[in-house]
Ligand code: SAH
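One chain comes next, on its own, written out as structure tokens in the form predicted on its own.
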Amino acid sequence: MTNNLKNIRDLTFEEIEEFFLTHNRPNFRASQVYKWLWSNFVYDFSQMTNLSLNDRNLLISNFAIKSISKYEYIDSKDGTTKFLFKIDNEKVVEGVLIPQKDRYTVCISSQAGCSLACKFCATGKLKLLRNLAAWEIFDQVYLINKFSLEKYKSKITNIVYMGMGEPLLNISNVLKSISLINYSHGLNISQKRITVSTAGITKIIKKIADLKPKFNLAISLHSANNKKRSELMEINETNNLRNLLASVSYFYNITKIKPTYEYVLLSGINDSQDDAEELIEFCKKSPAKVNLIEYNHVKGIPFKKSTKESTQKFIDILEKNKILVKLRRSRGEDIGAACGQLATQNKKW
């Protein structure tokens, strides 16, 4: 019977409140239940001891409580940890913990698989299996935070939606998960420490801007040349650079949050002086930062990492033109946990 019951963790606070009112129960019960779920992380109605037995039985007869309870992890030689979360009988998604001094960054997934098929990305070789529910996204953060507290005696400090999937194609659950992560009586992680990455779904970028979010926005750019970007990312055929720039400019004008352009350096593809100059011109049209990313090898994909010389030259050109740029070093490449590598390798189930 439990399998047919609605998962109470899919409900908003208002929906839980409405449930109690409909059953002639005081609406403050909703606050109690919500805190059990998202503050105390209790997933058994019988343990919600400040509810009457009748109220607990009412919940048991109407709802189930689902959570991600099974995961495995593997450690990289550089300290990065990759997590494999089981979400269905066969489906697995990945998350990553990157410890750096006083900074503990978590990379989480928003979909099982991906539909965008970017040429340099392992996840893009997978089919999209389904969107993740808000609680499935939340549970990745909760479980990795618990792991970090146990291993490093420190809670996580930053969250990036840069794992498997395109967050903006699951935007309702992504926004709901951010609200849960931000919940003051729960994990209480500031939106300013959260970054949502997108390949550039322009209409949804504008819709997000209208909500005036506090979280950061990262754009997977990888080329400021339309032809070249279309060759790397099919999404550019329907969301080209002109439309992308318009949406990013709109986002900045509404929120005053400076977006970050993510740029994977591919040897002989997008790492020339001409590529750097095109990127500079693009960046000058609207306030932005640039994260250069070292390419991480993916089996069956022919791209190669830019040389140290090409990378430094690219950085020098950007800095000379007063573009704020940072090089993101590869982390976790030996366990398939680095940027662009998430494709459920090392699966043990």
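Counting begins at 1, following the sequence as shown. Values in this document were obtained by computation on a predicted structure and should not be read as measured data.
Although not depicted, the form predicted together with ligand SAH is the subject of the following passage.
This chain is drawn without ligand SAH; in the model of the complex, the residue among Asn270, Gln140, Ser177, Thr198 with a heavy atom within 4.5 Å of it is Thr198. Note on contacts: among Phe85, Tyr161, Phe215, Trp135, the single residue with a heavy atom within 4.5 Å of ligand SAH in the model of the complex is Tyr161. By the criterion of a heavy atom within 4.5 Å, Ser220 is counted among the residues contacting ligand SAH in the model of the complex. Using a 4.5 angstroms threshold between heavy atoms, Leu318 stays clear of ligand SAH in the model of the complex. Using a 4.5 angstroms limit between non-hydrogen atoms, Asp55 is distant from ligand SAH in the model of the complex. Not displayed here, ligand SAH is kept clear of Asp275 by more than 4.5 Å at the level of heavy atoms in the model of the complex. Using a 4.5 Å cut-off to ligand SAH in the model of the complex, not one of Phe41, Gly95 and Ile181 places a heavy atom inside that distance. In plain terms, the part of the chain that comes close to ligand SAH in the model of the complex, with a heavy atom within 4.5 Å, is 220-228 out of 141-149, 220-228, 237-245, 76-84. Residues Ile293, Glu294, Tyr295, Asn296, Val298 are the ones in 284-321 with at least one heavy atom within 4.5 Å of ligand SAH in the model of the complex, listed in sequence order.
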